[in-house]
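Heads up, the chain below is alone and in the form predicted on its own; it's given as structure tokens.
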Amino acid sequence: MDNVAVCVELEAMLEAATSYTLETMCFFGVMGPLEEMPAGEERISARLTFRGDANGVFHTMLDLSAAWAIAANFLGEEVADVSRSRMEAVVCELANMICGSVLSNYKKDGHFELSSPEITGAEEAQPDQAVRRVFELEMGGIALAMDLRPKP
């Protein structure tokens, strides 16, 4: 499969994994694709690396309003009751779930080792050679980027 076909396939997998994870695990709606993240809101980002049958890096960036609401839904609490550290933990877990879903669909019988996700600077550069998707959420937006290098 050539690079273009892999990118198209990964874009579809990112969309499906994002929708499924947010809707079933976080009870949060994905409204549709966007070209860019909406302007004007503070953001939070998480990053993890993976290796195995493919190596790479996964980034996600969310508007803070969405991150707080997703964390509250995931934890079954009110937004006001969720601490910053617990919200960040949910953002990391969200990155882990979406990345794991994409990888398990990319290589159904593949083996991967994922690093622990970590919160990064919201403006940290995403990979140059990455598949990127941006989605409008019921509140705010989410951007995802995956740089996947198949094992030689």
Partner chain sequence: MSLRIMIVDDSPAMRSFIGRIIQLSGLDVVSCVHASNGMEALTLLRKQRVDIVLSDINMPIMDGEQLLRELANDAELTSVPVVVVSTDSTDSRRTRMLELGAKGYVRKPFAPETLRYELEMALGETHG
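Numbering follows the first chain given and starts at 1. From a predicted model like this one, the values you see are computed outputs, not experimental measurements.
The protein also exists as the form predicted together with its partner chain; that form is not presented, and the subsequent description refers to it.
- Residue contact check for Asn96: one or more of its heavy atoms lie within 4.5 Å of its partner chain in the predicted bound form.
- Among heavy atoms of Asn55, none comes within 4.5 Å of its partner chain in the predicted bound form.
- Under a 4.5 angstroms non-hydrogen atom cutoff, its partner chain in the predicted bound form has Val90 among its neighbouring residues.
- Although the partner is absent here, Pro33 sits far enough away that none of its heavy atoms falls within 4.5 Å of its partner chain in the predicted bound form.
- Using a 4.5 angstroms heavy atom cutoff to its partner chain in the predicted bound form, none of Trp68, Phe135 and Met139 count as contacting.
- Only one of the listed residues (Gly29, Pro38, Gly121, Gly110) places a non-hydrogen atom within 4.5 angstroms of its partner chain in the predicted bound form, and that residue is Gly110.
- Residues of 65-90 that come within 4.5 Å of its partner chain in the predicted bound form, judged by any heavy atom, are Asn73, Phe74, Leu75, Gly76, Val90 in sequence order.
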